[in-house]
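For reference, the chain that follows is the form predicted alone, supplied as structure tokens.
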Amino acid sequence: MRNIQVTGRLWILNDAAGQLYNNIDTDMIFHNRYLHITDVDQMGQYALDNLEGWEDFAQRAQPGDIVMAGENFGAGSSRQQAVDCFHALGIEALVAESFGAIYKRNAINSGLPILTVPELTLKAAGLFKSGDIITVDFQSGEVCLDGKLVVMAKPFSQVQMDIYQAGNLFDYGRKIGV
């Protein structure tokens, strides 16, 4: 059984003005110039290298890290590589104010933990900084810093939890006999 609570180093995707990046599209997460790469393990090295100010993210990220962004993270195409690159890096969870609809479905189906925090863009200012060690509880939605609740995310739905626990949608299907 996978952990329903994870603790990791936080990366806050800020723009040059220090505001949470909004509308990070799949091309910024995993640029189309890398679409010829089919080995998921090789995708991580290109994560966010088309997002201004974050081109070296993949070299700095470590397994267990948590990424935070603003509204509409993963907007755009149905590019699965934009989810898989975070798997390849060992990113433990993504936290954002909202996710692009297709990205959200791809992430859930592949077992990548994503959590939505309504009004995160307003709440995050001054509450978190990159490098903080935070704990995220997928079942309760609690996002804690130094053991103290800071913001509430929407907890996983039952089906999201079932897919996550199984590892991905295909393994979940096998588990229930589909």
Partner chain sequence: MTGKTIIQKIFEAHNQDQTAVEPGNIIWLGLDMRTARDFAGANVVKNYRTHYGDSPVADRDKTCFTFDLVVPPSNIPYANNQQICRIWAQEQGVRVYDVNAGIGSHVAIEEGLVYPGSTFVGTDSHLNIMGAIGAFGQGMGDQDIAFGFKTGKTWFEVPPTMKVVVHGTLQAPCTARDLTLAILKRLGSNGALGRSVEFYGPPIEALDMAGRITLASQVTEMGGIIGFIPPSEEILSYARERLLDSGLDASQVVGVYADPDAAYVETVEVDITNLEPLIACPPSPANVKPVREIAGLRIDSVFLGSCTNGRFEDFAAVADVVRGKHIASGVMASVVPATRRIYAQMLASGVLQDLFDAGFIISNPGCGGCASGHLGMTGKGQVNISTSNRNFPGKQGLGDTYLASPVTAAWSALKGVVTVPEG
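All figures in this text were calculated on a predicted structure; none of them were measured in a lab. Residue numbers count along the first chain shown, from 1.
In what follows, reference is made to the form predicted together with its partner chain, a form of this protein that is not presented.
Visitor: Does every residue of N14, A61 and E92 put a non-hydrogen atom within 4.5 angstroms of its partner chain in the predicted complex?
Guide: Per the other structure, none of N14, A61 and E92 touch its partner chain.
Visitor: Taking heavy atoms and a 4.5 Å cut-off, does L35 contact its partner chain in the predicted complex?
Guide: Yes, contact at 4.5 Å.
Visitor: Any chance A88 has a heavy atom within 4.5 Å of its partner chain in the predicted complex?
Guide: The answer is no: A88 has no heavy atom within 4.5 Å of its partner chain.
Visitor: So, in the predicted complex, is D137 in contact with its partner chain at a 4.5 angstroms heavy atom limit?
Guide: No, D137 stays farther than 4.5 Å from its partner chain in the predicted complex.
Visitor: Is it the case that D39, even though its partner is missing from this view, gets within 4.5 Å of its partner chain in the predicted complex, heavy atoms only?
Guide: Contact with its partner chain, yes.
Visitor: Looking at 61-69, 23-31, 126-134, 141-149, which lies within 4.5 angstroms of its partner chain in the predicted complex, counting heavy atoms?
Guide: Heavy-atom contact with the partner occurs in 23-31.
Visitor: Could you list which residues of 146-178 come within 4.5 Å of its partner chain in the predicted complex, counting heavy atoms only?
Guide: Heavy-atom contacts within 4.5 Å come from S157, V159, I163, N168, L169, F170, Y172, G173, R174, I176, V178.
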